[in-house]
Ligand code: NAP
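Below sits a lone chain in structure tokens, taken as the form predicted alone.
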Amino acid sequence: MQIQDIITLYAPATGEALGSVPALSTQQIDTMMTTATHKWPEWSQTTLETRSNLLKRWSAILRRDAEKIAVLVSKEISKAYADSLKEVIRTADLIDYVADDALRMIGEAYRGDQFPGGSQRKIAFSHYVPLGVVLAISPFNYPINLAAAKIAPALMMGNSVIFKPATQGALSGVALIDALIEAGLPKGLVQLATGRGSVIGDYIVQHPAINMISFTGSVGIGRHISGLAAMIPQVHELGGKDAAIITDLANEKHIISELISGAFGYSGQRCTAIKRIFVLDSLADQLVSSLQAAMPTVTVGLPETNAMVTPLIDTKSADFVQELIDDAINQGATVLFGNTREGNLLSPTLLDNVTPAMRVAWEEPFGPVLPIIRVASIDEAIHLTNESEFGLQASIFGSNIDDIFSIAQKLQVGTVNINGRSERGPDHFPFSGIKNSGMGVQGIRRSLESMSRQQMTVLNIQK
């Protein structure tokens, strides 16, 4: 007789027990896969209007329950309540856009005689068809938005879904799926696979029933999944070491605001957080002085106070960030602000005189630390940006648009932000990373395309 194992989840900020989720076995995963395999063909035969209406009902329920869900998100992942509420509303907007955008996706027609020697009597039509069973693996930091960004396109294109949320964030995932069930989701079409990675992690990504994997998470796990899944189509959003390059201080107040919010929003626990600044030696003292003066505006506290910096997701994460700070200090970096700690709560830390010899210049902290690296030239800033194993985003701040575009063309990243912080949205923008920052492209239309394939139908006209 199988005994049901459970995982109890606690609030990172307070230690409060929030609830529990099942720790599934491989046998239970097999049952889910069988159901999902049987469900998607029937779902694929429904009209686009039927699928769109389901998603619209889902988004309406999320808006109705936004405050309640936001409280759960805030407690479970230690995110400011106001930011958690924005995430739920943003997710409802994303789902609505998915429901509408899929209706605008049309195929193509080809004439045989468009190719040399081709026949006028041969005409082909392409249209989108589902892949089958989509495995959606979401991270802890946006447990509502990044989950729905996978589930909604998968459903809209006629697939079934196995949804594997991060363990810390799984309760938020349950709330998301509960809303979808209330909206009228056919039973078994989306299934929630919670459990221990050591038990079901490798098993689920290698399962023969899986037809596509959409993963957001760490580089190590992403590379591991990529190797195990072999020929399965995959889209991965992994880590980043997003640089901000300062070319002049013509709009200094705006630059400081963007650097502060970009680095310390949600405690820096974002793949698109600004994680290092490259500034010319001639500008560095002025920038450092202004940043140091702005640091006290970064609020620190519990999620319910809407603080910008809150306790990190767990002790292991806080320990890692502290290691990077300590390594930099031991090698001569200057602490301009911060470097205090209470449990998982690290104060926002500003480091000057960081050099390429220090780990914090290269490793992704996923925490509230901002290193300043002084460079002799813009070419040096470009070189150091491109030397990273990551290639997600970068920001360039300055007033000479010709120079900025020249720099942008030389950066090896998925997205370059001009006079703005690095960030994911809006959700319909294509979003991608190169090198160890991921593979494939996300964004609403790109996700719809990646969770389907184009099938050709060729008409041979008889005389």
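Quick caveat, the model's predicted, so the values are computed rather than measured. For every residue, the number given is its place in the sequence shown, counted from 1.
The next section is about a form of this same protein that is not shown, the form predicted together with the ligand.
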Problem set entry | 4.5 Å heavy atom contact with the ligand in the predicted complex for all of N141, I221 and F431 | yes
Exercise. Exactly one stretch in 178-186, 123-131, 208-216, 331-339 has heavy atoms within 4.5 Å of the ligand in the predicted complex; which is it?
Worked result: 208-216
Seminar exercise, completed: Residue within 4.5 Å of the ligand in the predicted complex by heavy atom, from P233, G201, G107, G343, is G201
Seminar exercise, completed: the ligand in the predicted complex has a heavy atom of only one listed residue within 4.5 Å, and of A80, A244, L146, I255 that residue is L146
Exercise. Would R276 sit within 4.5 Å of the ligand in the predicted complex, counting heavy atoms only?
Worked result: no
Exercise. If you check in the predicted complex, is F366 within 4.5 Å of the ligand, heavy atoms only?
Worked result: yes
Exercise. Is G391 a contact residue for the ligand in the predicted complex, using a 4.5 Å heavy atom cut-off?
Worked result: no
Exercise. Hey, in the predicted complex, does G158 get a heavy atom within 4.5 angstroms of the ligand?
Worked result: no
Exercise. If you look in the predicted complex, which residues in 147-167 sit within 4.5 Å of the ligand (heavy atoms)?
Worked result: K164, P165, A166, T167
